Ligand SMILES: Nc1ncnc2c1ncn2[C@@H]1O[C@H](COS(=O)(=O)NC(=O)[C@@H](N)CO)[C@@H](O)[C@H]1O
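Single chain ahead, written as structure tokens, the form predicted alone.
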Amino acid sequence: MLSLPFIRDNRAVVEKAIADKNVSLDLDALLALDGEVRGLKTEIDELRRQRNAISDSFKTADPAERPALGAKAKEMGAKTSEIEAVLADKQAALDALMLRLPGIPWEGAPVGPDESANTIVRQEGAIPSFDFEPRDHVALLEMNDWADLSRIVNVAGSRMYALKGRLAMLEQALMFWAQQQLAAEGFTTMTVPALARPQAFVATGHFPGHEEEAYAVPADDLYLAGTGEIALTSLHSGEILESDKLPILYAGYSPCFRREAGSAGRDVRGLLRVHQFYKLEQYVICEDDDAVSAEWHARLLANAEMLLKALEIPYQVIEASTGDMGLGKFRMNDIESWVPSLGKYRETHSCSTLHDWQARRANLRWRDGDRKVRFVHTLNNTALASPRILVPLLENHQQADGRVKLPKALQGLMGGEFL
């Protein structure tokens, strides 16, 4: 969310952001509503002032004048109530438009309609060269009896998975290992619920606009979240954080759920696009300084790269275009890991800086050294998401006989060289 004073003073900048992010929003209508709301508030304030003046004069007024004064005060009260009802409707309409306003993107972001305009920043790690015909991860799962992908469909439907044996243990070991790595970097591990109220989704920017992607629990007015970011953003909602408490660094671990609406026919085989998964999310709340949040963006990205390098998975870093980065994001870098069976990189991480766009929606504030209350900056990036990370991990480290050689970082955790 942007502030109304900023919008009024920087109309051209906001219009460009609306165009660059392909947002369908009538800025003229928004500003017109803003003018009406301010005008109605001024009118209400004046009516209240006049009514208060009448009340103050009532005690000293001539008894003969009091009935007329009382009637006048009552008339003003009724008029105020009428205008307040109109104001409530106008304010609700303005608030709805405000929630659709995009954040101002980073000037270095490629301008384009969608992911086709994304650019490659760099590529890291050597793509493996096999002297045998490599298998895809589903074939590896089947030949090693590491999953039951067919029976679980009868229980829970499509795009679900059930890991078995050593691979089920590896999934949990991976997440614990990643938590340890982030703890060493100063992040506090948090286990957060997947269930959240609608307002928590509004705070992050997932609602309005992406309700169809979330599983609803209407009986309890809750939704299942697709990322720990949703709970973490609202964790300090309404608080004023003191400067010595910043930055707040969380490593949020949670089960996650996504309906994958609109993805029919895409990645239906295996573990790439499933409805339920686990994710360890890096999350930062810091002061609202552009340079400070840029430093944290780089650090979140470096943490994810550190994990991928330890897992010996080749990857590339992507600069997301304005049309691909999402409504509220200032900057977004995706990390795509190499998947041999597909012969291409696939997204496994997404690093985002949102400046104060989420903070304004979530009412996340801090008090600076001059005791001035300001909105914070928020950032997030995947640390690991499973089972998606298992796809490049298994495929890049597979052997001719179907076994998978573990990277050195995991061998101690799993008690051997091979999975």
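Start at 1 and count along the sequence shown; that's the residue number. As the structure is a computational prediction, the values presented were derived from the model and not from experiment.
Keep in mind that the form predicted in complex with the named molecule is not shown, yet the notes after this line are about it.
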| Listed residue (T227, S234, S341, Q181) with a non-hydrogen atom within 4.5 angstroms of the named molecule in the predicted bound form | T227
| field | Contact assignment for the named molecule in the predicted bound form, among F277, W106, F187, F207, heavy atom within 4.5 Å | value | F277
| task | Go through 26 to 34, 349 to 357, 61 to 69, 44 to 52 and give me the stretch that gets within 4.5 Å of the named molecule in the predicted bound form, heavy atoms only. | result | 349 to 357
| K79 within 4.5 Å of the named molecule in the predicted bound form, heavy atoms | no
| message | Although the partner isn't part of this model, could you tell me whether R273 comes within 4.5 Å of the named molecule in the predicted bound form, counting any heavy atom of the residue? | response | yes
| said: Residue-level contact is defined here as any heavy atom of the residue lying within 4.5 Å of the named molecule in the predicted bound form; does R135 satisfy this criterion? | reply: no
| task | Indicate whether the named molecule has at least one heavy atom within 4.5 Å of a heavy atom of R331 in the predicted bound form. | result | no
| Counting only heavy atoms, which residues in 369 to 389 are within 4.5 Å of the named molecule in the predicted bound form? | N380, N381, T382, A385, R388
